[in-house]
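Take a look at this one chain, the form predicted alone, written out in structure tokens.
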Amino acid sequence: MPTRRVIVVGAGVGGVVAARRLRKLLSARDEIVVVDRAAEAAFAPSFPWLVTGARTASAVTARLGTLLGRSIRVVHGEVVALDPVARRVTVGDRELDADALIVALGAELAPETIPGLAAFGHNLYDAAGATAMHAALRQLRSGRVVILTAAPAYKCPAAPYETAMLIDAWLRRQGRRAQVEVDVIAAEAAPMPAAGPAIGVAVSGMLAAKRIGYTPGRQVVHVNPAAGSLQFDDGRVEQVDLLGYVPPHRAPGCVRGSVLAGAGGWIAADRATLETTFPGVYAIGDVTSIPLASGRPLPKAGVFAHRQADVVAANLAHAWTGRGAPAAFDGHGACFVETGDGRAGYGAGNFYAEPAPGIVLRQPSRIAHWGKVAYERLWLRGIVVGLPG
């Protein structure tokens, strides 16, 4: 019998890192359980490459067994309830109790909250949707492609801008760029706003240099599939031939229906330790809402989930074994920004810095592009590494 049990709810980046790190730090008698509905996990940072056919869905998907290893127990099923007081997870009709609980369920995609959106556009944050977007792009000979962010806050904030720039490069290689207009219409006021205004100016400049139209601060309220049009809250209507969208996000239903839910349904966690108000219960990654000095929340991104998972694992192991030292998440993060033509920018810095985040975006280079490729390959092989901050 195990001496203690940790249940990690969700097998995204944060869940995988937390489980693997704990397996190294805890006794072999302690049980690590990961709960997830799927047997496979897709590497979401590669989805923009699906849109241009540089990857296939199968090529960016790995089995959980590969990512987690043999000594971590996996329970497949839908999480229907979370009880942080009892540290209990209900999976289907089964109840699992834990000595420590790490909630890493991520964000739920909700395109249905915008009428007509799912019926007309392609969900860029879904492997099937990104693949379908590529098929439609191959058929397009002329017209207007729009990349739309349907709400101002979403995970992987660079992704829609990466996608637009990769589409631009793909169309140029196909000899069709002169016949196809590419635009980004964003609900947020600037690209990647939590990273600070300098990053927004830099990314906007990249779009302009590639003749990609950019209209920020436009909230879509209705999509008319028959007319191929988008209606916005200011009354304006935009015609579109091909639409790729980032859907609205919300906290998973089992979180929204629990006492863990805070503002907007997300989980509030200590910004340094990621512990919730319930002892022995932690929340990491996209399912959390951590306010920054600017009033905006910490962006939802895999790099933060990874670093938060390391912190939680180190602190839990220290509490249980007395080994190691307490750790704290310091707000540092980084991401690649693919710009097309085999180049990528690389942004890194401290999102907890005050009065404004200290983020620096390096000029696009082939080295950064191959850095993202290497990161992808390592992750899919089950070699979990972090990004330098």
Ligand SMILES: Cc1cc2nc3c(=O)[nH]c(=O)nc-3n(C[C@H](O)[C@H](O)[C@H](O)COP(=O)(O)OP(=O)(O)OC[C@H]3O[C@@H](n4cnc5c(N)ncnc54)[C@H](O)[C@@H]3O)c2cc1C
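Given the structure is predicted, the values throughout are model-derived calculations rather than measurements. For every residue, the number given is its place in the sequence shown, counted from 1.
There is also a form predicted in complex with the ligand; it is not shown, and the following applies to it.
Asker: Choose from 45 to 53, 320 to 328, 343 to 351, 359 to 367 the stretch whose residues reach within 4.5 Å of the ligand in the predicted complex, heavy atoms counted.
Answerer: One stretch meets the cut-off, namely 45 to 53.
Asker: Is residue 213 close enough to touch the ligand in the predicted complex, meaning at least one heavy atom pair within 4.5 Å?
Answerer: So residue 213 does not count as contacting the ligand.
Asker: So in the predicted complex, does residue 30 come within 4.5 Å of the ligand, heavy atom to heavy atom?
Answerer: Result no; residue 30 lies far from the ligand in the predicted complex.
Asker: Is residue 125 a contact residue for the ligand in the predicted complex, using a 4.5 Å heavy atom cut-off?
Answerer: Heavy-atom contact with the ligand at 4.5 Å: present for residue 125.
Asker: How about residue 285 - does it come within 4.5 Å of the ligand in the predicted complex, if we only consider non-hydrogen atoms?
Answerer: Output for residue 285 is yes: heavy atoms within 4.5 Å of the ligand.
Asker: The ligand isn't shown here, but in the predicted complex which of 254, 243, 290, 316 has a heavy atom within 4.5 Å of it?
Answerer: Contact with the ligand in the predicted complex is made by 254 alone.
Asker: Could you check which residue among 167, 230, 133, 104 gets a heavy atom within 4.5 Å of the ligand in the predicted complex?
Answerer: Looking at 167, 230, 133, 104 one by one, just 104 meets the 4.5 Å heavy-atom criterion.
Asker: Would you give me the residues of 62 to 91 that have any heavy atom within 4.5 Å of the ligand in the predicted complex, in order from first to last?
Answerer: The stretch 62 to 91, when checked against the ligand in the predicted complex, contributes 77, 78, 79 at the 4.5 Å heavy-atom cut-off.
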